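Before any questions on binding or motion, here is one chain by itself as structure tokens, the form predicted alone.
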Amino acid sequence: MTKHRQRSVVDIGTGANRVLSQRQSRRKFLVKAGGALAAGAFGAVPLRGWAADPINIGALYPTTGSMAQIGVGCVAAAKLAAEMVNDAGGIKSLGGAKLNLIISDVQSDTTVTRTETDRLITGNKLSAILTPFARASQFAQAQLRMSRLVSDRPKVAVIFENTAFGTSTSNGLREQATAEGVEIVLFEPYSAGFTDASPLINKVKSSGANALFSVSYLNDLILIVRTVKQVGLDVAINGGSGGFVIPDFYKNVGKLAEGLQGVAHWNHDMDANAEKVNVEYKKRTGEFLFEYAGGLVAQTFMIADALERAGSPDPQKVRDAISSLDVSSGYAAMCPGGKVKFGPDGKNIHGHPVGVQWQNGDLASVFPNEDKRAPLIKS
């Protein structure tokens, strides 16, 4: 392992391609799913007569702790994507080399995440690392614009849990509201993990809001939605991202979720490719392919494309190949907008979140118009 290789690993995350320092069976389905992309973008002739070394890809996810459900789903999606690439012939320019996931449990803990990232990079010959993605600022803008789908004069109540997550996200909403023509009539923090949402919802009711944005983790959001329904408050709810747009939310609130809106990095009705992968994922897990997990499948194919063009597992060469990625078809492009091309800042210039709504127990893409797959249901 060269010193250069030890110090540089590609990370597809936050919509960017950046270099991290040390500190920092469906076999038939899989062959069919990966075949078209492998034959097109991955068209190099494989070398013969030698067994290609596997290509190590790091996967850091919380498979235990409070975020375990999301992490377990992400691992399942990453494994599915790697199988798709491998069963379609692997990386042709590297003799059919197979992707080998090295999975690390970050235990839903920021300190563990830092140490595990360092351990993963320094202890393995990695070519890339899979992690979450997308820009937070775009989510606030999408939520604010979605409020105009239900009212010409949105009056929004913003309630948020008072940790760094809730505070920073809600501030983004407040900073952009005026420019988007939205009036914030209530801006109210609450203690994360509370057990009685009635006082908070009574404030929402008194504010005259016709839309409610709740910046909350899953358990808080479940309590808030139930309380809104219990007091008979007639208000459109946009729960943003995270826990609101994963299967477990519907499991807990059932039909109370119908008509509620959110914003996601990715949705499983994006295109035909996303729908195919969603079917397979459902067979394996019993759940639909949620935002983080679906984005991982696309990321894996971005890395495979870069490896193919780089003709090398060297992380710096893979990073350089990713920086020049420009795709508008195939599994790498199954994302909002249907295109991936990275700008000088390392962000996907076509990247944006998608507005979703719970309809018949599933998430349907309803915003913006170019990504809409179903009409918005006004409750």
Partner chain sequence: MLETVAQAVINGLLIGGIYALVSIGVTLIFGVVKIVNFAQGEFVMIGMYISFYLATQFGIDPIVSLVVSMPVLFVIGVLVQHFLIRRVLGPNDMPQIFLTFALSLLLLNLALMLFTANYRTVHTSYSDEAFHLAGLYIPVAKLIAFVVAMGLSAALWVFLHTTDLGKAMRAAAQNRDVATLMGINPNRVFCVALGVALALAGAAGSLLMPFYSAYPFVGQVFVLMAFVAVVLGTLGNVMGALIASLMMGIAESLGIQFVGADSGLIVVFAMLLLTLAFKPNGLGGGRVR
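Positions refer to the first chain, counted from 1. As the structure is a computational prediction, the values presented were derived from the model and not from experiment.
Heads up, the form predicted together with its partner chain isn't pictured, but that's what we're talking about next.
*Asks:* Which listed residue (149, 184, 223, 112) meets the criterion of a heavy atom within 4.5 Å of its partner chain in the predicted bound form?
*Replies:* Among 149, 184, 223, 112, a heavy atom within 4.5 Å of its partner chain in the predicted bound form occurs only for 223.
*Asks:* Pick from 100, 178, 168, 219: which has a non-hydrogen atom within 4.5 Å of its partner chain in the predicted bound form?
*Replies:* Of the candidates 100, 178, 168, 219, 219 is the one lying within 4.5 Å of its partner chain in the predicted bound form.
*Asks:* The chain here is shown without its partner chain. Which stretch in 202-210, 289-297, 263-271, 73-81 comes within 4.5 angstroms of it in the predicted bound form, by heavy atom distance?
*Replies:* Selected stretch: 202-210.
*Asks:* Hey, in the predicted bound form, is residue 248 touching its partner chain, heavy atoms inside 4.5 Å?
*Replies:* Yes.
*Asks:* Residue 236: heavy atom within 4.5 Å of its partner chain in the predicted bound form?
*Replies:* So residue 236 does not count as contacting its partner chain.
*Asks:* Would residue 137 count as touching its partner chain in the predicted bound form under a 4.5 Å heavy atom rule?
*Replies:* Residue 137: no, not in contact with its partner chain in the predicted bound form.
*Asks:* In the predicted bound form, does residue 94 have a heavy atom within 4.5 Å of its partner chain?
*Replies:* The answer is no: residue 94 has no heavy atom within 4.5 Å of its partner chain.
*Asks:* Is its partner chain in the predicted bound form near all of 53, 316 and 324, within 4.5 Å of a heavy atom of each?
*Replies:* Contact check failed for every one of 53, 316 and 324.
*Asks:* Within 4.5 Å of its partner chain in the predicted bound form, counting any non-hydrogen atom, which residues from 160-197 show up?
*Replies:* Read in sequence order, the residues that approach its partner chain (within 4.5 Å, in the predicted bound form) are 162, 188, 189, 190, 191, 193, 194, 195, 196.
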